[in-house]
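Just the one chain here, laid out as structure tokens, in the form predicted on its own.
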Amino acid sequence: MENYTLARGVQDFFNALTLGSLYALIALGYTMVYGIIRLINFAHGEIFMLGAFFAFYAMLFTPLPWAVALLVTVLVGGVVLGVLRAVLSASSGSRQIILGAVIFIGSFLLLTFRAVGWVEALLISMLLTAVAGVLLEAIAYRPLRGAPRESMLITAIAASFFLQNVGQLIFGPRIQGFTVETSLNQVLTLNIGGDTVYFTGILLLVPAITAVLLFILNRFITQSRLGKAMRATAQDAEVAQMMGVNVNQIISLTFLIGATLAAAAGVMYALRFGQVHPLMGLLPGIKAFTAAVIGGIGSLPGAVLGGLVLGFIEIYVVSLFPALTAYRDVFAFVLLILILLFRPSGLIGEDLTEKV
């Protein structure tokens, strides 16, 4: 610790803020789903993995021949449009036409004329992963609505293993490099007190994108009609349904938003660490669940706070005590145990009167 300098502290701050932001984005999916249907969606880490792979293949295989691009646009775009129409209730004919035109024409142009960059890949990944999240809810969880909670919990674990194995079957079991030639990867330097801090643009980009997404999410939850319906469903689904809220639509929307945020986290995680593999969602998913519990599961600010707390603890403890580097992943679970023992409702969560 005697060699710990201010420059090193700043370096650790960037790393911790980036890691904490990623945990926060994933944790939001856990806490939103739990807040609506009281389910811990253990397959959320695999949704995060799918997001990274969608971006990876979008960047790897584009541009496509126009015939292949047209076929992909029709097949995938049709599924995406159908899911979005069902979830977002685009009942107006003109809105449906505009939504369809944007999806089909935009997808065809993106896939045909040039290799997509990381920004386009991020948007494609968020769109496709959102659809995957909605389909997961419709296929795995909706048929069990009303069943004992243990049934849904076991189903979530099974869905997690299923997606891991399908991922290994489709994407291959090996780790694949995800190196993007962009200015974000250029090493930047900052001189502090005679010492040099090294960082890349990605370290600044991840917290910035996270902040933008959190701002949009907050505005949506607090200002929009669907956001208010989500809050009503979280408080009491039966009463919300009696008041005219389409609970099934709200639950699907919750999975859609959670998967969108997980996709963003997956893409930025892959950009940050330069690799993708089918099991990449396992550990970040568990840590993000831990972050959600630390902050108070069911609380959106709690998920963000928990993610940041976990990110800062991981980075600073390892930096201050290098001998503990091998135990880095243990910190999250030790913290989880301590929180469950001494403050099971989390740092800012509501008091839970029943077992999670």
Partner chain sequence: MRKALLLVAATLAVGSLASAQIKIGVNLELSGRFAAIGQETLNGIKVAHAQLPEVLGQQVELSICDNETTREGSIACAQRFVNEGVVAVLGAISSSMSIPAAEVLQDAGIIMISTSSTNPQTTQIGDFIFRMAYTDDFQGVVAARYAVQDLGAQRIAIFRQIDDDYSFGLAEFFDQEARRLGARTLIQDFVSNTVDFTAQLNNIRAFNPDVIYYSGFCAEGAPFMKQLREQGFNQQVLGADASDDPQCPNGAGKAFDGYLFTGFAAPELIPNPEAKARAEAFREALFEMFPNSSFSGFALAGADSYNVVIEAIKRAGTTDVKAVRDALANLENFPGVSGDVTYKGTDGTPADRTIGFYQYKFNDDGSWERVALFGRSTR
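Positions refer to the first chain, counted from 1. What you see is a predicted model; the values in this text were computed from it and never measured.
What follows is about the form predicted together with the partner chain, which we do not show.
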Interface membership of Arg328, the partner chain in the predicted bound form, 4.5 Å heavy atom rule: yes
Answer with yes or no whether Leu19 is in contact with the partner chain in the predicted bound form, where contact means some heavy atom within 4.5 Å. yes
Although the partner chain is absent from this view, report whether Phe161 comes within 4.5 Å of it in the predicted bound form, heavy atoms only. no
Spell out, yes or no, whether the shortest heavy atom distance between Thr222 and the partner chain in the predicted bound form is within 4.5 Å. no
Contact check for Arg8, Asp12 and Arg174 against the partner chain in the predicted bound form, heavy atom at 4.5 Å: yes
Please tell me which of Leu60, Val318, Leu70, Leu64 lies within 4.5 Å of the partner chain in the predicted bound form, judged by heavy atoms. Val318
Quick one: from Leu109, Met243, Val187, Val212, grab the residue that has a heavy atom within 4.5 Å of the partner chain in the predicted bound form. Val187
Among 40 to 48, 27 to 35, 289 to 297, 310 to 318, the stretch whose residues bring a heavy atom within 4.5 Å of the partner chain in the predicted bound form is 310 to 318
From first to last in sequence, which residues of 244 to 273 have any non-hydrogen atom within 4.5 angstroms of the partner chain in the predicted bound form? Tyr269, Leu271, Arg272, Phe273
